[in-house]
Structure formats: structure tokens, C-alpha cells
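Only one chain is included here, represented as C-alpha cells and corresponding to the form predicted alone.
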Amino acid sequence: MERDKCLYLFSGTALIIILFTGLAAAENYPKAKEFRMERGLAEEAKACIECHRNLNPGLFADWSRSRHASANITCLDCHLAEEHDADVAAEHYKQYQRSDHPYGTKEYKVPISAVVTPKDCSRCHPDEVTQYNRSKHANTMEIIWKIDPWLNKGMNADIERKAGCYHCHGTILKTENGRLDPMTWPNVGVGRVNLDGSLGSCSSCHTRHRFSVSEARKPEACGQCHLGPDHPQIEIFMESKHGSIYTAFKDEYNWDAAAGTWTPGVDYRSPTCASCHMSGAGKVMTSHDVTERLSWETQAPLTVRPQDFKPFPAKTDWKVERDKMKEICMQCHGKTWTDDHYDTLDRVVENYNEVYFKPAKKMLDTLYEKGLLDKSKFFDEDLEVEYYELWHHEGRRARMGAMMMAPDYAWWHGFYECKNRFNKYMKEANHLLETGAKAHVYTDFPSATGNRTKPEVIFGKK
């Protein structure tokens, strides 16, 4: 009997413990985050938030976790437009003809633009936008139309440009009957030409609707566009010692430090793209002009100083900018180390310019002069492709690999490939000169249908 009583007592106690544990566990289940409007907001702003909370929960969740939301910056602060603006979303007015939502009525009707531009952002971030406006990023559409044979010779189709080149470089936004032209939208390219006359998209790096500073500080933000055979900066960075340290210790970095306070050795151990090219350190101020701190223009076929880059001369002095970058380097490296790194870079540039590019360019000009190559198009003859890839692919990789301390890119993906390309190029070129034969032309070159007219909004009417 006593044994049975003990068994009943133990069973009852165990049941109570299980029930209590279950209730406690239930209390600890994660709950859905709730955004409560506890501050004074315009009724129209509330309408935007409540509507998009239901229609676009991911968009709303991003905004609700942003610093904008914490500072009472709502949809209207960024998207509100004037009724006469060229980029007003006519379709959005239909949202105020709904009967299934308390805010979908005409008293909340406001004109908005789907496109938020640097001009809009400048109302709160004037210095950043001023700096960005003078950068290569903002003006990249002008640059590529001046130097790129794919565009100038019409050698790719408009849809190939839209899905490829313009995804990063930016489109020229257009509207038709109050709707954004799908051949120009969606797009967040760094050089996008907006309907309000501004250039670029801040959400290229600070993706909407979180607009995170920490995201833009990470190399992956830049790696969205700076990758691949012609500008593999993200691959180069990840190969370098900087990238190796970043991979090992990035979880320890203080990515959320306030703007202007992100400090090497304190908030991060090894630099990222942003900390070298944009963030402040030592006596160097933060800047959204990525053209600053550059002492060579490695985008160009022939490496020149940034102020001598004819498509878009920088308004800088390369010696001043090199000293800025050295100041950044010396936050972690000694002066001798830094000076010797730049000495190596300068020698690499000279080697590329004198040994590879100049002789190849001289040969190309000779073939054109003698009529052995056809100038009317580009890429429809093998030697034109070989010349292009010598500077646009291998030549860039060699220079950028040396610049960012990635030896595999400086040599195997760079100068090694330059040699192979150069040898084949010169062999074929000399054969044409010796025989007087014209190069084979690919008459069925596909999709060479792109518009060859330089955009009036950038270059004006002829």
C-alpha cells in the first residue's frame, strides 16, 4: 500500500512538473514582432505603412527595423512627389479606390514616386549626395558611352544591355502613360539617370528598405557589381590577406558603429572595400566619392592618372589622393611597407603600359590604316576581340591584382594571360601585314542591334 501511495505521489508530481514546464516553454516561444505607431505621424503616412504592412510584409519589416523608422522617417518622407513631377506613379492612385482597406480611400490620396533618387535623399544627406555626384559611380553612364564599343558600335541588343550592363551601370529612366518603362525599370544602378535630373541610386549599396550602414561597409555590397573577368575586385579582395582576415574575424567586427566613428583596430581588424575607399580614418575624412584616394585609373585601356582620364577627368590631384590612401594604409601598416607597396604598383603599371598595351594599340592602328581591319564595327573580327580583352580583361586583372595584393590575379589571371593573348594577337596581326590579307569578318554576328545614339539627356542634342 505504501509503495502504491508513493507511486501515485511521484506520478502526480511528475505530471505537474511536465505541465508547468510545458507552460513555461510556451511562454518562451518567439512571438511575431509588432510595430506600434506610438508617435505622431501624418494620417497619410499611417495609410502608407498600414497598407504596405499587408501588401508587402517583407518591405515593411525591412523599414520597421531601419534607423529611418526609429527616426520617424516614413514612406512619404522619401516617396512623396508633386503632382506635376515626371515620375509620379499614376497606377498608385488606384490604391485610393479600394473598398477592402480602411486607408484605401480618397482622403489619403497623395502623389508618390516609386523611384527614390539621390535628390530625394539629399534633403537629409546633402554632403553625401554632393560627394557622390562628383564620383565615377554617379557618372558611369557618361563614361561607358564614351569608351565602350559595345554601345557605340551597337554590338549588343537593347535587352542584353538592360539585363546586363545597365543592371549595375544604371538605366536612363523613362515613363509612358504614367508608368515606368520596363526597359528602364526596375533598376538601382550606380549611374542611373533619374527623371528628376539626378544621377545614381543610393540603394545600390544601402539596399531598400533597411538602408543599412553596416551592409554597405561589407565587401559583399561592392561585390554585387565589382566581380567577373573584367573587374574582379571582390574575388581579388577575398584572395588577399585582407580578405583572409575578414573571413576569419568578420563576426567580431562592429559593423554598426555610428557614421564617422568606424575605427580600424577598434571596430575592425582588416579593411573592407568601404574602409579603404570611403570610410574615414586618421586625418582622412569619410567620403561618398569613390574617385578620391585613387592615384591610377585602371579602368582605362592605357593606365593614366585620374585627372588625365579623358572620358571623365577627376577634379583631384593624384599626389594628394595617394597621400590620403597611404594615411588609410598606415592605420595598420608602417610607412616603409606602404611606400614599397606603391612602388610595386607603379612598376606594374609601367610594365603593362609599355610592354603590352602600347604595342598592341600601335598594331591595331596600323591594321586599320592599311585597311586590313574593318573599322565600321567592333568585335566582328578576332583581332578586335583579342585587343579588347587584353586591356579590358587580363590587363585590368593584372593591375588590380597588384593594387589589392592578390598575387594569383596579378600573375596567373593577369600577366600570364596577357602574354598568351599578346602572342596570339601579334602572330595574327603580323600574318595580315605580311600577306596583305584582310581579317575574316563575322557577317552573322548575333544581336548587333543596340541603339548607337548617345543619350541626349547626358550629351545633349547633336
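Fair warning: this is a prediction, and the values are worked out from it, not measured in the lab. Just count from 1 along the sequence shown to find any residue number.
The discussion below concerns the form predicted together with heme C (HEC), not included here.
- Exactly one listed residue, out of 125, 377, 361, 370, brings a non-hydrogen atom to within 4.5 Å of heme C (HEC) in the predicted complex: 125.
- The partner is absent here; in the predicted complex, the one residue of 355, 213, 183, 385 having a heavy atom within 4.5 Å of heme C (HEC) is 213.
- Heme C (HEC) in the predicted complex is not approached by residue 154, whose heavy atoms all lie more than 4.5 angstroms from it.
- Proximity of residue 197 to heme C (HEC) in the predicted complex falls outside the 4.5 Å heavy atom cutoff.
- Under a 4.5 angstroms non-hydrogen atom cutoff, heme C (HEC) in the predicted complex lacks residue 366 among its neighbouring residues.
- Within this chain, residue 241 lines the site of heme C (HEC) in the predicted complex, having a heavy atom no more than 4.5 Å away.
- No residue of the trio 348, 422 and 441 has any heavy atom within 4.5 Å of heme C (HEC) in the predicted complex.
- Along 123-159, residues 123, 124, 125, 128, 129, 132, 136, 137, 140, 143, 144, 147, 148, 150, 151, 156 each place a heavy atom within 4.5 Å of heme C (HEC) in the predicted complex.
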